[in-house]
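Shown next as structure tokens: one chain only, the form predicted on its own.
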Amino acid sequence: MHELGRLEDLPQDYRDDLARLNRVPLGPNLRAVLPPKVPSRNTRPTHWPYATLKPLLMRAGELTPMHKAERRVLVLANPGHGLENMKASPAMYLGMQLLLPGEWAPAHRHTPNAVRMIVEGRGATTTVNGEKCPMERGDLILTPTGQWHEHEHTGTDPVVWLDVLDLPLMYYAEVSYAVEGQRQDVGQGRGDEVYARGGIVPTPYFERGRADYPMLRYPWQEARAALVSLAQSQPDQACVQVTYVNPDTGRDVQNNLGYYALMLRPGQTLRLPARSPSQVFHAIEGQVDVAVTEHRFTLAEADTCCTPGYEAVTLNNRSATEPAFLFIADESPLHHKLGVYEVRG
């Protein structure tokens, strides 16, 4: 590929005229936006250990009462994107949120899609459009775009969860905003009870409401059991992974980001091929070594890390006797919509 001219090679008066008229020559900037063979990537492999994060989160609970914070969150920012931009990857925002006993995080709704992966604690609930969802460790709870949601804690110990949002995408598109609301009335029934059995869904004779998101809570005990059953029934299958899907359509649970749970057998090493989307790994159970490019992380329980797209990732279960379980978020649905999804082996 031949070398292009530089902006500095152009006469200063010509450059001044271009700038005055809000015009930019493409040639000197072409390689920056269309690099050869592999995209430019700002996402850096980054590890956020929970052991160092939790004390700061608890300190935030002491320093910031809920009425001043509304949401008490520490953002897991990727240094490659600049900490002030609060991005883990081009399309993913991560935040670790704390709710203390007796607290209520008031209702609001916003355009970004969000999910919560519960890290620790019991006794809290998230109410989404009138459906009250218990929050247990490892549960995945959806708060889709435009749906009212609030959090309440009636238990005795702090509850912590990992937020994953497509906020960077919505902010880039200039469609990100929030609306505050009042405490919701709680309705009857829960989607995780209605859709409690794989392969069996309600016959749609009656209007059930929430048609776009029939299931808001995905209990960890069910996802874990599915992974264990899959590993037992497919002993030769290397990648034991399940996808969180809309039970009515079989498609990804949300529009732009994909969510998965993965099990590593005792002592297993698994190589994930290089794919276009960035990925987030969060350890639910066990300890896992993560290798990407020249970086090496060890995820203890509740640790989180991010890896850039177009790079293979190798995972290793450090235990020779017990399985390890990871929650994964990635940008695959967005890449499929854009027609740029790739697997490079």
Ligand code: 1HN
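In this text, all values refer to a predicted model and were calculated from it rather than measured experimentally. So that there is no doubt, residue numbering starts at 1 and follows the sequence shown.
Separately, the form predicted in complex with the named molecule exists; it is not shown, and the next lines address it.
In the predicted bound form, no heavy atom of Ile118 sits within 4.5 Å of the named molecule. Of the heavy atoms in His110, some are within 4.5 Å of the named molecule in the predicted bound form. At least one heavy atom of Gln97 is located within 4.5 Å of the named molecule in the predicted bound form. Contact check for Tyr93: a heavy atom falls within 4.5 Å of the named molecule in the predicted bound form. The stretch from 267 to 275, 159 to 167, 195 to 203, 223 to 231 that comes within 4.5 Å of the named molecule in the predicted bound form, counting heavy atoms only, is 159 to 167. This chain lacks the partner; the member of His149, Lys87, His153, Arg217 within 4.5 angstroms of the named molecule in the predicted bound form by a non-hydrogen atom is His149.
Checking Arg71, Arg183, Arg190, Arg122 for any heavy atom within 4.5 Å of the named molecule in the predicted bound form turns up a single hit: Arg71.
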